[in-house]
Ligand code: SAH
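Before any questions on binding or motion, here is one chain by itself as structure tokens, the form predicted alone.
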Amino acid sequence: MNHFPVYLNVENRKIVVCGGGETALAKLRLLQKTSADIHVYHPSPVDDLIALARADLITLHRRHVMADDIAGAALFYAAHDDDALDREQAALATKLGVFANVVDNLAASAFITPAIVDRDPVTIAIGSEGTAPILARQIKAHLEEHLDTNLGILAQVAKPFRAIADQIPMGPARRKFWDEFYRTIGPRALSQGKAAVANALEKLFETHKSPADALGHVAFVGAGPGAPELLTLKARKELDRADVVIYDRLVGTGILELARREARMIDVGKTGFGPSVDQGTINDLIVKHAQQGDYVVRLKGGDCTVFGRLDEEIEALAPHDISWHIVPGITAASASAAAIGQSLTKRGRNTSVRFLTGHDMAGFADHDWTSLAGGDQVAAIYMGKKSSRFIQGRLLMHGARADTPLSIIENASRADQTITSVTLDRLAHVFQSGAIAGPALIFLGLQPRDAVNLPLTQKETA
């Protein structure tokens, strides 16, 4: 990022625009929406510029700009469509310590003006660092279409109310109040006008100013297999509300970046061969932050209802009367099946699929290994890296062929996804060799579909 986006206070400050034609007019259409003191300099301005001056929207000077005109200005725009003159005047502004912009000349500009979606006092600035102005305009058009034109009313009503809302305790309680206003209460009243929004805000305040229950809430959220595009819309909204995010190792960094900027991020990741945070500590963290009134997002890779110890964490909340809800996600088996171009079930092949976890080897003793070794089963084995030798041994012991094919999908759905085809007698060796370092799912009974042209690295292990 070469251009850091900021909002500059220009109230009653001088902005200088040099130019007398359409280029200058285009900039003024945006600048005149501000509360700045706008001065335009050109010996022969077009009629539209003269009209703006007569309407007292700008101060027009029918001459070229001089150093004293620029000194002390907040911003300077060179908009003559004369490259030599624009560069000369921008250099003068820079020498005087004023940020200068040469319209449509990124290299000669100290700052750029983004495309803006205006819902005064709410504004959204969109920039591409001058590389893709058409794309920025397309994004602007998309936002204009989807944002209510009266959206600014919510902020207008809320601004004078902020001092009153300070009576609500700072922290989660106050954030909850404003979140409810902007998320539900305010938008519902918006269609009825400004007075209705103000009334709705006052009623909401009455219910929040003396909160009877300081407890927070816990959302158990499935983050999907790793690709941010596979995160559900509901999960995305939960991340936007979170005061605290307690996340697992399998959650992708791109997804973590979607969390609210002020949210506290707590890593409780577990690794197959490395250090881990024990489940009791995780339970205590969830309870502790919910008791403090935080909105806690317990973020788990894949689907939080599949091998995520969800029941243990919910049961930890029960003695404390902490409320909770579940947001499911796309599980790794679904993403891995998609990666190899297969379905989890197929008529004539298998009408059921087993989900097994290799994390707890003691639990493997209860499986029907004879049935799994029969050759007509499909099983998705989660977290099988550490217990790969045990899985291999059990299948061979119960009659599985040594050349039984398996598929190992590493980092399913991510940019570094890989697929390894391996026979059963080589399963443990593949993991112990260190060739597969990321999270991996093992498929018994499914192989990559040869007809699918997969955009990934495919490794064949004999």
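Residue numbers run from 1 along the displayed sequence. Treat the numbers as computed from the prediction; the structure is a model and nothing was measured.
Omitted here: the form predicted in complex with S-adenosyl-L-homocysteine (SAH). The next part is about that form.
In the model of the complex, E313 stays away from S-adenosyl-L-homocysteine (SAH), with no heavy atom inside 4.5 Å. Contact check for A332: a heavy atom falls within 4.5 Å of S-adenosyl-L-homocysteine (SAH) in the model of the complex. Residue contact check for G20: none of its heavy atoms lie within 4.5 Å of S-adenosyl-L-homocysteine (SAH) in the model of the complex. Interface residue remark: A24 is not counted as part of the site for S-adenosyl-L-homocysteine (SAH) in the model of the complex, having no heavy atom within 4.5 Å. For the candidate set Y295, F181, W369, Y382, a heavy atom within 4.5 Å of S-adenosyl-L-homocysteine (SAH) in the model of the complex is found for exactly one residue, namely Y382. Look at 150 to 158, 104 to 112, 295 to 303, 90 to 98: in the model of the complex, residues with non-hydrogen atoms within 4.5 angstroms of S-adenosyl-L-homocysteine (SAH) sit in 295 to 303. For the three marked residues, L250, N411 and P439, a heavy atom of each sits within 4.5 Å of S-adenosyl-L-homocysteine (SAH) in the model of the complex.
Contacts with S-adenosyl-L-homocysteine (SAH) in the model of the complex, taken as any heavy atom within 4.5 Å, map within 218 to 236 to P225 alone.
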